[in-house]
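Quick heads-up: it's one chain on its own, the form predicted alone, in structure tokens.
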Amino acid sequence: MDMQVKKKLGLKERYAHMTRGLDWETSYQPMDKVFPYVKYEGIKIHDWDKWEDPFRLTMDAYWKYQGEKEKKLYAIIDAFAQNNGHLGVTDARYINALKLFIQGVSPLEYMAHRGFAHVGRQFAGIGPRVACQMQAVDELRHAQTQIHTISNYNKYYNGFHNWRHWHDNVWYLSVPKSFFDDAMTAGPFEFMVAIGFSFEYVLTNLLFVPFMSGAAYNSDMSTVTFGFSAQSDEARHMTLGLEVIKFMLEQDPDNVPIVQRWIDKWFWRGTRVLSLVATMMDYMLPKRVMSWKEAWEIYAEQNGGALFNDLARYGIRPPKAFADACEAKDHLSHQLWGTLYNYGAATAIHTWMPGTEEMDWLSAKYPESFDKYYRPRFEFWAEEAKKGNRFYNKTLPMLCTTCQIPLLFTEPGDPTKICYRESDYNGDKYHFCSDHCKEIFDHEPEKYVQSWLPVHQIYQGHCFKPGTDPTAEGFDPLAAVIEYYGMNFGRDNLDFEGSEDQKNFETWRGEATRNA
């Protein structure tokens, strides 16, 4: 009797069965009703089968692959905790970079998880649906591993305990939050340009490489490990982002101007978010990897320039804001650090003025700007602090309606003049930090008039605990807002010099050295 032996499927055939083989045409409802957002944005897709998967990875292989990484990651995290690795970092100033990360970046990973899970459901083609499903799981894993890793620092240092609430309410954290709120309330194709392309492909190296390199330089091996664990996923995400762009551009020439407008918008929105990273690189690392200017020149000007040269054959040009963003590399970090220093009473991080050697490093890295515009200011503030006149600005700054950063950045070509723009819409006036943020608003004002601006919420009385009476004699609005934020005044905020974090770190490390 002859036996029928089934041929073992090759990798390509197996992948097709476990992805393309899961798709079907609907019969009870028309496809347009099942996938209502496919045509919402004006993008024309003629053949979903033209989608080329950047990584032919099936879900069973995905779980096995990620499981191996988890074992290695958590073994290192456990070893770090058991050996008091938190005392091995350069000094306690570095820990504020981790505070900024858990407050401003880790929640974005979870928002990305939700975003990819949502938009994956909206695509009619099975290829991008499977890719988005895997990226959604990746992003959830990234949020979890970052929280688990950094939670070890929460046992010993201030400024970590209420990060989720701060992300939703505190002024400087509304910048990254508004970026993802904007993307998640867009259509599925714009979301993929915003997150999959502009952020993951064009700008992600300016986020993760400085943070993880900074962690390595400052002996924080647990953070380095979760960075490496995520980096292989990021490579897949970057390739997905590029594939989405090319797929849309190759499907129909009418897609080109729509995609170009999205690239213009999301490149600029991304650079505004990355101003927090620029500040971390130049001011918050005791041992610095490179300056923000150097990182921008490598990852944005060189790598990004090469990318847009490649996309030129589709009719895509560099983002409209590219030249202004390149000019801002000389000023971005200094201007934002000065603002964080001044508003240090309303932040969940500590700030400080750089020492003489650090200012010399900044002078060398920024020869055309630092000594001329910023060093005299910082030296004056440092001298005042020594006299006991450490200044905290207790006013509420005007915010940009689009990117939600205080109006602190300067005019292109004139770093001595603050840039102010405004638009009128339905009888109300809206303020912006740049021509590009104003243009984004003017294109779809109905969306941005709904912006949740922390300063406006404070003025409207929404950032006080129930029962607070602003009319009471001696009422301190800043103290009431800090209480609502759940910050411990004097422990989570104010100057690093003399802080509890600084004192504890020096005491604990001294004891560890003596015991050795």
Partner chain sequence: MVVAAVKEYKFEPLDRLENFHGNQLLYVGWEDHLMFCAPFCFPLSPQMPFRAVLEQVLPGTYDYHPDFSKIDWGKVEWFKSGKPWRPDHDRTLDENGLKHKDVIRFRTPGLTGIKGSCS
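Just so we're clear, the structure is a prediction, and the values are computed from it rather than from any experiment. Numbering follows the first chain given and starts at 1.
Form predicted in complex with the partner chain: not shown, discussed below.
- Heavy atoms of Y459 reach within 4.5 Å of the partner chain in the model of the complex, making it an interface residue.
- Contact annotation: E384 falls within 4.5 Å of the partner chain in the model of the complex, judged by heavy atom distances.
- The partner chain in the model of the complex is not approached by P367, whose heavy atoms all lie more than 4.5 angstroms from it.
- In the model of the complex, the partner chain stays beyond 4.5 Å of every heavy atom belonging to Y94.
- When the partner chain is considered in the model of the complex, only one residue from S363, Q251, T410, T90 comes within 4.5 Å through any heavy atom, namely T410.
- Comment: the partner chain is not present in this chain, but in the model of the complex one of V256, I76, A345, M398 has a heavy atom within 4.5 Å of it, namely M398.
- Only one listed stretch (293 to 301, 312 to 320, 268 to 276, 416 to 424) carries heavy atoms within 4.5 Å of the partner chain in the model of the complex, and that stretch is 416 to 424.
- Residues P36, Y37, Y40 are the members of 15 to 45 with a non-hydrogen atom no more than 4.5 angstroms from the partner chain in the model of the complex.
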